[in-house]
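Here you get one chain, nothing else, as structure tokens; it is the form predicted alone.
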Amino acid sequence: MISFSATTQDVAKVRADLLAVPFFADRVPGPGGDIVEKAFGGGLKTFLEGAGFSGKPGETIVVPLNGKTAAKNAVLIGLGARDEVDAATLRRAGAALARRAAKASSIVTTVAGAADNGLTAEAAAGAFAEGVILGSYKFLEYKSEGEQTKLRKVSLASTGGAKVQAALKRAQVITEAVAWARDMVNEPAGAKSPTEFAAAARRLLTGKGVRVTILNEAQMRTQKMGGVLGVGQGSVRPPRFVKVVYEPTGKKARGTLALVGKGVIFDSGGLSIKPAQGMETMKTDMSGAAAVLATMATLRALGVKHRVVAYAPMVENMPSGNAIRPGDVLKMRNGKTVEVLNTDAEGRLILADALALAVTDGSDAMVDLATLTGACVVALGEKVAGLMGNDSGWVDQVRSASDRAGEPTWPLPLPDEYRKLLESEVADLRNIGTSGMGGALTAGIFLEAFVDEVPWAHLDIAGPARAGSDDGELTKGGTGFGVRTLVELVEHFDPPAPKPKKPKKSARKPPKKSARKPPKKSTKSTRTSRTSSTTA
């Protein structure tokens, strides 16, 4: 584990293996650059020009310090244009440093002090520390060769005092959670059955101030979770459902936030089987559940003041003689029936049960994360998650959290005119649209049918849940996307105003028939008597 500390010492005198110094575009030195220039006797710029170092974001070069400082060598880190340095730039710089300095055990750095673009000292330090830890991540469980980083200590030059120290601690808590999520996503599916995934979640959350409940098949039948049981019935490895409850200490919690994560351990497509290439990365189809569970591990350490409940349905979608068939109808937890016309559209079926449970549990707002549709990847690529919801204010909260976390999202609509695409001939809904277009949107519309009037947001993370190569703080493989966004969300959760409930439609009952009494004797005409009787 890498430890971080803030120091007010002269960095030239701090004993460390390396001194890390920022440089801006066109080789303009940042804080600490004068130390390196002095060590070169004035020839640094010429040296850097010859070496091809220009100061682009994430660019690094190691240079000797010629005995002028306590550290023998310096790592120069490019930040790009001075007026564009933000938290994302510092995360990228931290990751670049971690990869370049993986064989050093200690570093002292001035990089976090290079952000003078409205970023506070603590925000800069936290972003940089996140980058260092995430950039040093490696999954080597099944490698016969390869070694983890040797970096153990990073000292940041800062005068921010206690606030910076708190920011560094926060960064460690969050990035440890991200690393756990990455580990679970990268783990081969054969080694993480629903039962084993649930057990790993319990181990992670033990001692973290939360209550963990794991439902087995019999308990899910009692809870009428037709979606989870239906998808899971094709595998010899039975499904599980994990529910985690966090209750803040002290003052009464203001609002309950529900976090729902898709936990498909492996997705073969079921009887609507995927092609071989389409299955290669399907061990990552539980990324949403991993992110949600990892987030729950941070809440007590971060002092979150709101009640948070996580729901993680865990299944394996496999073809077998017992698997659901196209045309089968499942009854979901909220009583709606779904005609399954494509067994490869299974994630929405298990999420439906989880969302319905969150509604009946009394959530004030909900957000779900799911590697749900290839259509979203086509629309937004591999870097950006799709964001949809039924409440514009709540969707804005989620997007603001993702922006602060540096995990990009982009809003997508839930068009009313697409709802008819999910009309079934035999059930309340079909699990895929009748059109081959807009698959991410119809999936969102499907999920909306299970959230009642609770403010809800849906994050389709099919693209950014996995990285094809090292890029900034991302490492090839599982990214743990969503953990940092959810942490920001729970820390700043503002319960949205409840949506007005739609009046329930009820069939008009005919008036009760009553025995017709004979008209009273009257001196008036028969016509008048009939009129009075009808009006009465």
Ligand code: BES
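Owing to the predicted nature of the structure, the values given are computational and were not obtained by experimental measurement. Numbering starts at 1 and follows the sequence shown.
Quick note: we don't show the form predicted together with the ligand, though the next part is all about it.
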**OP:** Given the ligand in the predicted bound form, answer whether the residues D368, N390 and P495 all have a heavy atom inside 4.5 Å of it.
**Re:** no
Original post:
Of the options R348, R91, R240, R182, which one has a non-hydrogen atom that comes within 4.5 Å of the ligand in the predicted bound form?
Top reply: R348
**OP:** Identify, from the list S106, N342, Q223, N73, the residue with a heavy atom within 4.5 Å of the ligand in the predicted bound form.
**Re:** N342
Original post:
V228: heavy atom within 4.5 Å of the ligand in the predicted bound form?
Top reply: no
**OP:** Evaluate M282 for contact with the ligand in the predicted bound form, applying a 4.5 angstroms cut-off between non-hydrogen atoms, and reply yes or no.
**Re:** yes
**OP:** Although the ligand is absent from this view, report whether D267 comes within 4.5 Å of it in the predicted bound form, heavy atoms only.
**Re:** yes
Subject >> the ligand contact in the predicted bound form: A462, any heavy atom under 4.5 Å >> reply: yes
Original post:
Thinking of the ligand in the predicted bound form, which stretch from 153 to 161, 241 to 249, 274 to 282, 332 to 340 has heavy atoms inside 4.5 Å of it?
Top reply: 274 to 282
Original post:
in the predicted bound form, which residues of 414 to 449 put a heavy atom within 4.5 Å of the ligand?
Top reply: I432
